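You are given structure tokens for the same protein chain in two forms, set apart as structure 1 and structure 2.
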Structure 1
Amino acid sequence: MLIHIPVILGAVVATLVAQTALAEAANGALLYQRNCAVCHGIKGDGGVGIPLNLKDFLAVASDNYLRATLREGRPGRVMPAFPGLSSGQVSAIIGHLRSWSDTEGPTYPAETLNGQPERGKTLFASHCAACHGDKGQGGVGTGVTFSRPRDAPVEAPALDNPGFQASVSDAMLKATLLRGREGTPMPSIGTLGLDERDADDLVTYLRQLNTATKPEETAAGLEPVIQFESSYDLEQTLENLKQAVVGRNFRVIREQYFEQGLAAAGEENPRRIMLYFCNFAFLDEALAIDPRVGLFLPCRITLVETEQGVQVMSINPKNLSQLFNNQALDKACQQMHDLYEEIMEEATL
């Protein structure tokens, strides 16, 4: 047995190396379908992410911008960073995006523009804030779909996002303003009656937006499970939980053995029970912000009887907003967290 282990290890290493080499050479289309299509659409026409196949976008987006965007993501605005993609894989994906357009990607000088930020600020308030938010924080929600109709207009991206600011150059910002994005609500500033000097002022102002995100709570600092020890037995704790749920205008929708559907009927461990409950207004609200949170709905508390007594627990919803990289979820997650805590505390004390 022992003799074979180095051989197996060798084979594993060889396969890994071969796989890496293959992936590097690869097929940007496949990488795109695996990593991006879920949000940006199979053909790049948008989803929860904004469209990537627009002529006007590809004509102003430099390879540097795209590369930095994949490295930085858009913290708190759904778009993830992709630290796991190698530089070769990123190039392959960029190649795939470029295949949607017949123009090559532009390159830009690194110089900063010296417009008048005060003028830019005034222009922004009157021409841009309606869509991009008064502080450039972007529209409510992102992209075009998931929960919204496909023909709804694209939500304006966050211009104050640290990932965006770190990726874009002054010259690319200016080119974006001068050109606009046909097929989306984003106008060219020409159609707004503004000229090149206004563009410089706007760009200089955009550079001064406050990009500070709130201090990031790291996963390591957030307990993944909310847990209470009950002073009652299993049956009584379950009863108490149901009362606490109903008392908060939630409906008990289901009560089942934890092992139900896995163990043969009658052989489930009866000392482990799941209680599902729901409040439609709350569920709808959460799903409207980010439909992906359905993965953790409806609300569920699990009861486990161990030698030490009865434990009740739930996932910690505060973990979720970072899982989904969506700051719009913070409030709902906090609410859900408090609700879980109140219910479990009341039922176990």
Structure 2
Amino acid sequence: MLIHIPVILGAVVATLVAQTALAEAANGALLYQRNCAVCHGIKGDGGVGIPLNLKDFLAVASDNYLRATLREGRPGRVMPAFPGLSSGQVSAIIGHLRSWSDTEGPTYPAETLNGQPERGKTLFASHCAACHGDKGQGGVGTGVTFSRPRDAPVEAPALDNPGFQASVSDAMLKATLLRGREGTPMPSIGTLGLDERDADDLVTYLRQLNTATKPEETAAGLEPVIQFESSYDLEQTLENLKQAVVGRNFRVIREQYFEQGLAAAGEENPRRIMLYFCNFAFLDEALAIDPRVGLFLPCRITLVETEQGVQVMSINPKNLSQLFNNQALDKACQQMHDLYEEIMEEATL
């Protein structure tokens, strides 16, 4: 009896591939929880990211659009790309999103609409720019937030974003305009007295917004910590820091042992201290841009005394900024970086 080894190996490989695909499909909910829920909510009802469980969104979002969105992300707009997910994992996540709707994702023709862009520009200025920005740059900040009220429940997406432009088709853009999105400020254009011709003109204009470029990569090797050596002892350095903080219109909140809560009371190392301070106007502005800055606010500086002297250090906000994929936050993080350096330099010289 002849045994065809290549045939057998081929069958084994095909079986393993099929089993992997089935396993990935079964784990769509788990993959969503691990990669998406932190921003979009466990049930897709939004958070830092926009809600994904909206009936009108799922009715117009094609699988190709969702797949490309996961691959492209939204450079500079909070939504990251997920190059590490396999094709099967991406399909599994999309399948999980579809479980929130009783309709299948649409299939769109690969065609380019030929409207009148100048007329579309006028229509955009009249009906869209108030939410999406005068140049399609989107609303300020992130999507839905639960920590503080906003003028609108959802921040309008950036229509000029290279990730969005690469993911969405002309036909999907048109379908979105004609349908609107209930549960958000986005109306159907029919309620505005517009028709299909207007939709074609708007879509053609929107395609001209694709002038945004992906943000430049942050220089490699950006230090995660800002650090200075003090010319003074621990007590004097701490006092200098407080004066420098207050001199820049920040309020000292508290000082505590670095090991407080980690070591038994009375057993903390008294030579390691953290100073907390805040400017509440700055804090409010930063949270409005991206609530995730709460991970490293209020401001804090750590002092550590060793045999070699006193080290003064803080996190580098610029290093954290590159993790958030939010260009609107970069300016605030640069301001924080400069502030930390000024305060620590003044306190240690």
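Here, rigid core means the biggest group of C-alpha atoms that superpose within 1.5 Å across both forms. One-based numbering along structure 1's sequence throughout. Everything quoted here is computed from the prediction, not taken from an experiment.
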item: Answer for which single form is the form predicted alone; value: 2
item: Ala288: Cα shift of 2 Å or greater between the two structures (core-aligned); value: yes
item: Core-superposed C-alpha of Gly41 shifting 2 Å or more between the two structures; value: no
item: Threshold 2 Å Cα movement between the two structures at Ser167, rigid core reference; value: no
item: Per-residue CA shift, Ile253 (Å; core superposed between the two structures); value: 6.3
